[in-house]
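Subsequent text provides structure tokens for two forms of one protein chain, presented individually as structure 1 and structure 2.
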Structure 1
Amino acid sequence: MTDRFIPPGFDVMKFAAVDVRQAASAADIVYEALRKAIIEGDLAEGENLRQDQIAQMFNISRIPVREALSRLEQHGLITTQRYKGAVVAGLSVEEIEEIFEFRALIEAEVIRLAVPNLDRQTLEKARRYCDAFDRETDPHRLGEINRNFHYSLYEASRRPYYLQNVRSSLDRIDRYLRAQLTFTNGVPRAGREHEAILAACEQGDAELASRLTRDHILDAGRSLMTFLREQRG
């Protein structure tokens, strides 16, 4: 493998560490890179994604780029029109509200299923993420730590299909959450809510953890709505 797959700002080694069993295809690499760029908000909504331009960034042909774009479309991160190309998907306020509603439903269920399976090690890991969240200021890392905190608990549910849907729905709205964290200061509140969720988990109270998770997501959704409404006018 030469350096031809390494565009500026993409950490190949990080990806390789995720899946050592088999080398990633070019399409995999492009997919992961674009997904990351979209959910972190580095690619603004509505931005054109030209196949040729992306191919040149990675020093590959358009074939794997098209495959990556096709996958991104399936996940709702971009929209494409025949012969016109792909743009980063923009979500209406109604669509964002619906996704928060959906997340509240399934993540509340996932945490309920997870609590009985939580062991000390997992709780300690979650505690570290929870503390790190309070100390962090960089919005990208905040988003990452937020994910890790919730996922570390959710994984104990042993429900891979649920988790896949959690990830997919969070992917769609993550950039809006991060934008909000950058401009407003919702971090202290989110931190307190994380603290309460973790406490409920430590006490083995599945119903409480579930209710708090639900409220945590709906709170974040509501404050994002007010932020977006004034931002969009």
Structure 2
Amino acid sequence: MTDRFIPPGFDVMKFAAVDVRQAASAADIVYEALRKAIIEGDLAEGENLRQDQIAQMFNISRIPVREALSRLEQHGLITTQRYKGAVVAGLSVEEIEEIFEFRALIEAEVIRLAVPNLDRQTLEKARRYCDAFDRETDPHRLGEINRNFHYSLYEASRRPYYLQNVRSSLDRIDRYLRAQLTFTNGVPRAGREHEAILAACEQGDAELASRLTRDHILDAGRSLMTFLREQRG
């Protein structure tokens, strides 16, 4: 990728930009770049997303930028404020707690539906993610691998609407979850819980996998709540 022009007076925002003039859907590319930067914490809570700057960085008009920002707002990742425009959305402790409760309900059901459909190839894929999680030290990679582990199992549920809602929920809390894993020594515990969930799946025990998944999510939520309350005073 060649160096991009940064207009005078603009600060460089922390997300990957590419020249998408020839792309089939510039809005999709801008959306994914901003979404990734938000969920990984590269764009901080409250940070202003200026349409003119984003358009310049991607070498496009403001129209696909507005479309991308509209989609991000629909998914709760940004908000529009008077006199300031689009900013990265934050979540209260209570909102995060509710999202974890929702995840525990839906993901427990998703994996219960998935277990009867799991084949050897899928279980081997999940095993690779499980092992990679235990070895990883990069917080950004940990979040990605954690999501890939769960999704590798959930996809066998054949419930695309459920998975869409799981993805949306994870997008909203992923940056907080990465902090919880990193700063509360949550990685070893999460790794052990992944092992137990995967073992239940390998045994074909759908009810046990469901119960373990629910407990795994609720435990992570409680740990994160404690961490956030301490951080926010």
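Since the model is a prediction, treat every value here as computed from it, not as a measurement. In this text, the rigid core denotes the largest set of C-alpha atoms whose superposition between the two forms falls within 1.5 Å. Counting starts at 1 and follows the sequence of structure 1.
- Taken from the form predicted together with the DNA is structure 1; the remaining one is not.
- Once you line up the core between the two structures, the Cα of Gln81 ends up 2 Å or more from where it was.
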